[in-house]
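We begin with a single chain expressed as structure tokens, specifically the form predicted on its own.
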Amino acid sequence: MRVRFVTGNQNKVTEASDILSPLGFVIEQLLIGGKVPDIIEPQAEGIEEIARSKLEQAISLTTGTEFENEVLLVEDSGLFIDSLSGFPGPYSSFVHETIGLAGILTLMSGQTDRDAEFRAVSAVSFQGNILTSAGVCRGVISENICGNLGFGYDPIFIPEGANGRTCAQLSPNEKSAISHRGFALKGVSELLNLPSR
């Protein structure tokens, strides 16, 4: 089954392909006229709300095009830090661009509670329905930036079960097996494979 991933982030496309290709899905970035469609990132408190809004925009943009009946995938994710009341949460992308990893580590300076979690919501449009799946990966914020794999907050997030390594120190397969995005995308694959659909 071909799935068009609505994102400008090539890292997400690669990661989704690594996770879903073995399950029988072909993941391709959605390009309309050779360009990534212009999706407005809504300001909302929850990442599911953001994912749904972005998917609805994508459905609207593909109506009347060659992609009208294609399966569309949108994903939204965020880093939620317990001691910062869930910050940066739904604003993770903006915060990453503005203060970066060093800024988060500065905010966490002197904090003994470093617990955090990555959350992801994947939303797909399939045969006129919108289906969503969520994934969570618990862990802690590291003291330092470590590793050069992955992207985003991976170099400062140590997931449970990773023997003290950050997500940026894990191989793609190791990361996908325990990541929030991995859980959310595997959930989507199960929804799309339901015999009743």
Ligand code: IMP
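None of the values given here were measured: they were computed from a predicted structure. Start at 1 with the first residue shown and count on from there.
This next part talks about the form predicted together with the named molecule, which is not shown.
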Note to self: Please identify, from 22-30, 140-148, 153-161, 65-73, the stretch that has a heavy atom within 4.5 Å of the named molecule in the model of the complex.
What the structure shows: 153-161
Next item on the list: Would you check, heavy atoms only and a 4.5 Å threshold, whether residue 77 touches the named molecule in the model of the complex?
Entry: yes
Notebook entry, point to check: Taking the shortest heavy atom distance, is residue 41 within 4.5 Å of the named molecule in the model of the complex?
Noted result: yes
Check: Might residue 92 be said to contact the named molecule in the model of the complex, defining contact as any heavy atom within 4.5 Å?
Finding: yes
Notebook entry, point to check: Does the named molecule get within 4.5 angstroms of any non-hydrogen atom of residue 96 in the model of the complex?
Noted result: yes
Margin query: With the named molecule taken in the model of the complex, which residues across 113-138 come within 4.5 angstroms through any non-hydrogen atom?
Written below: 118
